[in-house]
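Take a look at this one chain, the form predicted alone, written out in structure tokens.
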């Protein structure tokens, strides 16, 4: 067969659309929301204000955004039918598997096409509420009611633990949520935009996005970073442990990124946050492992341009906030609901079915079945 157009495995360097939401500068180490460098926003603005910026394009008049704060408070109460679905889930499910069903359950017929900002507020507000409800019940504890006077981050932690978090923990989680709120055309956002392009409902699109986020090479790595730190054990063991893994060709979690060929700005900011909130011994271990890993990777792969990615310091911060490892990726999804909403609205505003080609390399046309078809009518 004749050669087709060039193939870009993984769609590298393929531009499928234009967006005004966020820009990922892979060569320069930038992440920009609506023209604002995230390093200028975090720590600083609360998640509610980041949601306002990402959804509406401009900063709110004051922080936290009164409009978003009120919208999220109004939408924190899920419908009883959705709560019953959550309560029926097997306690043995992982929170990430449960969340996939939770997002699907939100699609109770009230989410349609085109998506609306009100649907987005429901998704953003109810994702952590329903996730916390499942986690509490799976652990044999009664659910905690949503607290209307608390911020988005404070309410999430309160519903998980039953106690209002210390200010420093709430602030650290707030910063994490802002940093993870959007990231250009990443894999889960692309899946969401494909679903919206078919004119599917927003809840289905969000479920598709979560199914993609679940994969360890997208959003599932932070818990594996914690496992790695545990395996190293102490700073004096870092060099030996890392060198053995690199020599064996094993992947070191928390290093390298598909987009960034320099420092991941989110990792840089989270490093500073971890220094303030993490247990000093854990922080020292993480810094030592980071230094050892970067040195070993650059020696083994000098042309690979491998740097610390967001998952590495996310793990240390989320540990310090008090979240169990099985909640790391679901909490990533809690943050990313803001970006998913913005991209759903943007896709629907100028929609076209996303339908790429694939080059066929199978046998040429003209093959014949090796025997008569028994059911063919003459």
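Definition used throughout: the rigid core is the maximal C-alpha set that superposes within 1.5 Å between two forms. This structure is a prediction, so every number in the text was calculated from the model and none was measured. Residue numbers count along the first chain shown, from 1.
Form predicted together with another copy of the chain: not shown, discussed below.
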Q: For the three residues 40, 62 and 212, verify that every one has a non-hydrogen atom within 4.5 Å of another copy of the chain in the model of the complex; reply yes or no.
A: yes
Q. In terms of non-hydrogen atoms within 4.5 angstroms, which of the given stretches 302-310, 133-141, 185-193, 226-234 touches another copy of the chain in the model of the complex?
A. 185-193
Q) residue 216 near another copy of the chain in the model of the complex, any heavy atom under 4.5 Å? A) yes
Q | 4.5 angstroms heavy atom contact with another copy of the chain in the model of the complex for residue 90 | A | yes
Q. Would residue 330 count as touching another copy of the chain in the model of the complex under a 4.5 Å heavy atom rule?
A. no
Q: Consider residue 247 of the chain shown here, and say whether it contacts another copy of the chain in the model of the complex, taking contact as heavy atoms within 4.5 Å.
A: no
Q. From the list 157, 171, 125, 238, which entry has a heavy atom within 4.5 Å of another copy of the chain in the model of the complex?
A. 171
Q) 285, 105, 296, 252: which sits within 4.5 Å of another copy of the chain in the model of the complex by any heavy atom? A) 105
**Q.** Heavy atom contacts to another copy of the chain in the model of the complex at 4.5 Å, residues of 18-49 in sequence order
**A.** 18, 19, 20, 21, 22, 23, 30, 32, 34, 35, 36, 37, 39, 40, 41, 43, 44, 45, 46, 48, 49
(Q) Once both forms sit on the same rigid core, is the C-alpha displacement of residue 15 at or above 2 Å between this form and the one not shown? (A) no
Q | Threshold 2 Å Cα movement between this form and the one not shown at residue 355, rigid core reference | A | no
